[in-house]
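A single chain, nothing else alongside it, follows as C-alpha cells in the form predicted alone.
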C-alpha cells in the first residue's frame, strides 16, 4: 500500500499547494495575513458544487470545466470586493486592524454562504465517479486524484512563468522584496496589490472547486485548508513559490501517512515539523 499512501500524499499536497500559493502571493506582495482566505476557498467549492449538481444529469467529465470556471470566478469577485471595500481603507492602519477586518470578512462570508446555499452539505461527486479508477501496482486508484495532481502542476508552472517572465510578475516580485523602493520607482502599489489579492482569491477558489468532487461542501469547509496553508507558508518561507511547493509536499505526505498510521496526532506532527523548521531557519526553508 505504500505507493497508494504516497499518491494520496501528492493529492493532498496538490490542493494545499494551490491555496497556500494564493495565500503566499497576498502575504508576500501586500504584507497581509488574510484570515478570510479559507472562506474564499469555500466559496469556490460551493459554487462549483452547485454548478455540478445543476449540470449532472447526462453529463460527461467536461462538467468539471464550468465548475472550475464558476468557482474560480466567484472567489475572485469576492476577493475584489473584499480588497476594495474592506482592506484598502486599512492599508495605513496597524497590522491588528488588518487582521481584525479579515477575520470579520471570514464571519461575513460564512453567513453569505449560508444565505445563498443554505446550511446543508452539497454533494457533487459526478466528475469523481465518471473518471472511475485506474490500476496502480495491482491497487485501484481514483483517476480524479491523478487529474487534480496534473492540474495543480500545470497551474503552478503557469504561475511561475507569470511571476518570472511577465512585466506584472516582475513588479509584484519587486514589491514583495522592497516595497519602499518599488514605490519610489513609481510602481502603482494599490493597483498591483488589488491584482495580487484577486489572483490569490482566484487560486483559493480554484482549489476549492477542484477538491469538491471528492468531499461535500459544507459550512466551515475552509477552516482546515486555511490552517494547512498557514503551516505551508511558515515552512516554505514568505513569497517563495518553491517554498510553497516543498511545504505542500511535506504537509501532504505527513497527512497521508498520519491518517494511515497515527491519526490521533496527525495535525500535531505537522505543527511540530513547522516549529522545528522555524527554530532552525526562522525565515522558512526558502524565505529571504
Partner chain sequence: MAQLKSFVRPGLIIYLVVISGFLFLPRIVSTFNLILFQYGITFAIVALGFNLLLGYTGLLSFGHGAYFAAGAYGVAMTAKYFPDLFSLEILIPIALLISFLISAIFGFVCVRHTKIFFAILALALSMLLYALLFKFYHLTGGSDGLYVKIPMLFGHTFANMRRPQFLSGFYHYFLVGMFFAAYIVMKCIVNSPFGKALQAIRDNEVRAELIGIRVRRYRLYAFIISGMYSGLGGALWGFVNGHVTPDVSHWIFSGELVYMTLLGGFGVFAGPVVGALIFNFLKLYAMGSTEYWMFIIGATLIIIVLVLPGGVAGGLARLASRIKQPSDKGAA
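A quick note: this is a predicted structure, and the numbers were derived from the prediction, not measured. Numbering follows the first chain given and starts at 1.
Keep in mind the form predicted together with the partner chain is missing from the figure; the text below concerns it.
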query	finding
Candidate site 25, 178 and 182: all three near the partner chain in the predicted bound form by heavy atom within 4.5 Å	no
Partner-contacting position among 246, 59, 35, 69 - heavy atom within 4.5 Å of the partner chain in the predicted bound form	35
Sole residue of 108, 77, 130, 189 within 4.5 Å of the partner chain in the predicted bound form, by heavy atom	108
Contact stretch among 202-210, 153-161, 95-103, 167-175 - heavy atom within 4.5 Å of the partner chain in the predicted bound form	95-103
Residue 50: touches the partner chain in the predicted bound form, heavy atom cutoff 4.5 angstroms	no
4.5 Å heavy atom contact, residue 55 and the partner chain in the predicted bound form	no
Touches the partner chain in the predicted bound form: residue 250 (any heavy atom, 4.5 Å)	no
Partner proximity in the predicted bound form: residue 147 to the partner chain, non-hydrogen atom cutoff 4.5 Å	no
Residues of stretch 243-266 in contact with the partner chain in the predicted bound form (4.5 Å, non-hydrogen atom)	263, 264, 265, 266
